[in-house]
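Below you'll find only one chain, the form predicted on its own, shown as structure tokens.
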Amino acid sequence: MRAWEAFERLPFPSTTDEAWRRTDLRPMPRHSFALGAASSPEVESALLRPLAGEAHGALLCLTPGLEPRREGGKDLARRDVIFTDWASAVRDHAPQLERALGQAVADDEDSFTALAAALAVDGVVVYVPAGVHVAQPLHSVFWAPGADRAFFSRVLVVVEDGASVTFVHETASPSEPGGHALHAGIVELVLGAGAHLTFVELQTWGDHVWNVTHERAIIGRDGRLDWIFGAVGSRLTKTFSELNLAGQGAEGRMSGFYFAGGTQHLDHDTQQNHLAPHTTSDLLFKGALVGRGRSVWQGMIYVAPGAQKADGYQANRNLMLSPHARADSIPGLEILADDVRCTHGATVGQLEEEPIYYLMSRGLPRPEAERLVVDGFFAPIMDRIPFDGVRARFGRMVDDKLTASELRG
């Protein structure tokens, strides 16, 4: 109820707000959305395959309006590990929720967080007690097909002192030609001292979906987060992703992959906050654009007073595969300490003809030559991903986008 009251009080974002200057929500038919169940219970089989290992440690599939589907993970409860859906967590694990919920993302940050906090009934809770190491990856899928609907989700991951886990989460739906849908989500990652989390996040919404998510990690002393992000879906996406390096020696690495085609608009707003001494952040986002695809990346490294010996890096690289595509890349630094090392960079470029000509001279047709060059562009991101399944999935995403652009001419 407090979140709903905040939603009624807060203004809807507009292009006069700095964070939304390059992403216009006015075409969104926001008064036409209704709460409701998904239009189909059948989940695409490709989404259920293991990505971060040979097998799932556990699989949780969420579809609005239906009972959650769960596979594996029977041994987790014996170690007091929680991996469950939102409703079950509210019923069975209220103390853990009360301690952690809202610690990273406040309900009233803006109208979308308030909406998600008030109305989300689908979500995932991961809780790993101190000192526990979960060897096999946990995997969840939020599958929300349908048009003229609004879907809301929450993800809460708590990894206590000295614990570790790998968690893969995907939000997805098929495209609904001529329709619209809204998804608003919250992701909270809380790592204790010496904790280690590998978080793989994939976004493959249908091209009718307006998608807004707020995601934030808080990393304690000597904690380590490896955050791998891939986005190829939705009509429009606005994602706020933030690292809060709150404890001395905390480390955070973000590896982002995105590919926009058609008239897609993907906007990623990233923040690396060094709040304690001897903290390290490393961000690399790479994206490609075809057709009239548009990307926006706004990044900021913030070093708080007293956060000496901070080491921050951010880079955004964009490859334009069409004369009508556009990429806005805006890095930033705000440094309030005097003994730090922080660097940033951004590039936007087109396919170079020389390597394409070289490959064609060796017998490759032009489409294959271009694909090889695109693969080479994404190679630095692939090298940062320790899982063959995720790399293969990203590779298929690239192929699908290029094939779609060729079919459109």
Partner chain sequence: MASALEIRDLHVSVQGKPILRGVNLTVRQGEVHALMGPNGTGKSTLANTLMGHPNFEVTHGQILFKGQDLVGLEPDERSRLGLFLAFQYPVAIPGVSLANFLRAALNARRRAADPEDKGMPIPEFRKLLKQKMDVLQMPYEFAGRYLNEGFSGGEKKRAEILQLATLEPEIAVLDETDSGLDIDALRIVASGVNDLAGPELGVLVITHYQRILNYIKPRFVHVMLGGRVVESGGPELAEHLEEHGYDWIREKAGEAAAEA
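Only the largest set of C-alpha atoms that superpose within 1.5 Å between the two forms is called the rigid core. Residue numbers count along the first chain shown, from 1. All values derive from a computational prediction rather than experimental measurement.
What comes next is about the form predicted in complex with its partner chain, which does not appear here.
*Asks:* Among 25-33, 361-369, 336-344, 50-58, which stretch has residues with heavy atoms no more than 4.5 Å from its partner chain in the predicted complex?
*Replies:* Selected range: 361-369.
*Asks:* In the predicted complex, does Gly349 come within 4.5 Å of its partner chain, counting heavy atoms only?
*Replies:* Flag for Gly349 set to no.
*Asks:* Applying a 4.5 Å heavy atom distance criterion, does Pro41 contact its partner chain in the predicted complex?
*Replies:* No - in the predicted complex, heavy atoms of Pro41 and its partner chain never come within 4.5 Å of each other.
*Asks:* Any of the heavy atoms of Glu354 lying within 4.5 Å of its partner chain in the predicted complex?
*Replies:* Contact check for Glu354: yes, within 4.5 Å of its partner chain in the predicted complex.
*Asks:* Taking any heavy atom pair closer than or equal to 4.5 Å as contact, tell me whether Glu67 reaches its partner chain in the predicted complex.
*Replies:* It does not: once its partner chain is placed as it appears in the predicted complex, Glu67 has no heavy atom within 4.5 Å of it.
*Asks:* If the two forms are fitted on the core, does Asp388 show a Cα displacement reaching 2 angstroms between the shown form and the other one?
*Replies:* Indeed, Asp388 is displaced by 2 Å or more.
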